[in-house]
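What follows is a single chain, given as structure tokens, in the form predicted alone.
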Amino acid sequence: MALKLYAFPPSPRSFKVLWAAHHIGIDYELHLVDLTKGDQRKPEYAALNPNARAPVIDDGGYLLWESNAIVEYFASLKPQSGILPQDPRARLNVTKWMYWESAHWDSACAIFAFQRVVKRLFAMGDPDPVEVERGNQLFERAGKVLDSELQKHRYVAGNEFTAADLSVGADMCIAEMAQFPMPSFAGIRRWYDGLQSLSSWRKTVAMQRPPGG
């Protein structure tokens, strides 16, 4: 029985697990959670994820939500992928970036996502300049941390592609649409160009078109 993946492909968090599945080679059965229609608030979906958020997976009755946890689970299914190193220190060097993404990077990117993407999608009015400026400040602070690492090596946690790139990189799937302020971050721009060249990235981007789009 195929693993069931409940997701909304245009969302960066859903993009993350779809991209991870494609990159690692996880077979799945997609169940669309159309956020534009409020699918996430339906009782049958709340039974899968009480947070009323996407994504969530159901692997033979094993339910798991939180996008970074799902990426780790996928990596455990295909340890030969090397997405999560076996050495404890190398592994923690990857997972620290996954925690950082949740605590810092996603928080900055989410402001631009809401103000410049979600508001337009749901006809909620123009971006709030105060919030955009707050986003600029958060992005500048987090961006400096990420860019400094990407000036040292090819990928986030070193010279090999890992779950850190899947986690942090997923937010970049809306970089142009949300107008992330990246001009001063040469390392991030170089890394992002590399992500876009990956076949797994291109396959996932092709799924991002909104329902009916």
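Every value quoted in this text rests on a predicted model; they were computed, and no experiment measured them. The first residue of the sequence shown is number 1, and the count goes up from there.
Another form exists, predicted together with a small molecule; not displayed. Remarks below refer to it.
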| query | finding |
| --- | --- |
| Residue among Leu32, Met177, Ala52, Met182 with a heavy atom within 4.5 Å of the small molecule in the predicted bound form | Ala52 |
| In the predicted bound form, the one of Lys37, Lys144, Arg41, Lys152 near the small molecule [non-hydrogen atom within 4.5 angstroms] | Arg41 |
| Touches the small molecule in the predicted bound form: Ser11 (any heavy atom, 4.5 Å) | yes |
| Partner proximity in the predicted bound form: Glu160 to the small molecule, non-hydrogen atom cutoff 4.5 Å | no |
| The small molecule contact at Glu66 in the predicted bound form, heavy atom, 4.5 Å | yes |
| Proximity to the small molecule in the predicted bound form (heavy atom, within 4.5 Å), stretch among 24-32, 54-62, 152-160, 184-192 | 54-62 |
